[in-house]
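Presented as structure tokens, the chain that follows is alone, the form predicted alone.
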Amino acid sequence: MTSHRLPIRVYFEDTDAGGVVYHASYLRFAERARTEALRDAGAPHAQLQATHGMIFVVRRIKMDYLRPAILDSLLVVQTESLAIGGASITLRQRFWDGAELLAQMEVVLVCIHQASLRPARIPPRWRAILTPATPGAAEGE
């Protein structure tokens, strides 16, 4: 996956009483960015579900908050693949305000069959899109 960038405006609902982006808002921003990255690549979540009966679920998130984002900021969420396995994908997502890095996360997603909730091999179309752009970055499971 090449680096995908999604602009997101910070609204009042995204902030705490002090006008600083609430920590859980970053999770919503990241989810939107992952969804749009797949959509822009031509393989939306809805198609994975409709065609294969599969969905991606979050297994693990590691988040580092570096600087606060504030009300009305225009953030950019950058999403890129780090590694892919048989049923999982590891992504890095960074949150920028201009040239300033505000937060970053590493998220592991697992592909599962929606009916059984059991892990499933990532279908070829999604595998091709989610494979890291740098050679040798993919890893087996």
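These numbers come from a predicted model, not from an experiment. Counting begins at 1, following the sequence as shown.
Below, we refer to the form predicted in complex with another copy of the chain, which is not included among the displayed structures.
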Q. Among Gly18, Ala46 and Arg60, does every residue place a heavy atom within 4.5 Å of another copy of the chain in the predicted bound form?
A. yes
**Q.** Contact test in the predicted bound form: Ala24 vs another copy of the chain, heavy atoms, 4.5 Å
**A.** yes
(Q) Whether Arg9 contacts another copy of the chain in the predicted bound form should be assessed with a 4.5 Å heavy atom distance threshold; does it? (A) yes
(Q) Would you classify Arg94 as touching another copy of the chain in the predicted bound form, given a 4.5 Å non-hydrogen atom cut-off? (A) no
Q: Indicate whether another copy of the chain has at least one heavy atom within 4.5 Å of a heavy atom of Glu31 in the predicted bound form.
A: yes
Q: Give, in sequence order, every residue of 70 to 98 that has a heavy atom within 4.5 Å of another copy of the chain in the predicted bound form, or say none if there are no such residues.
A: Leu71, Asp72
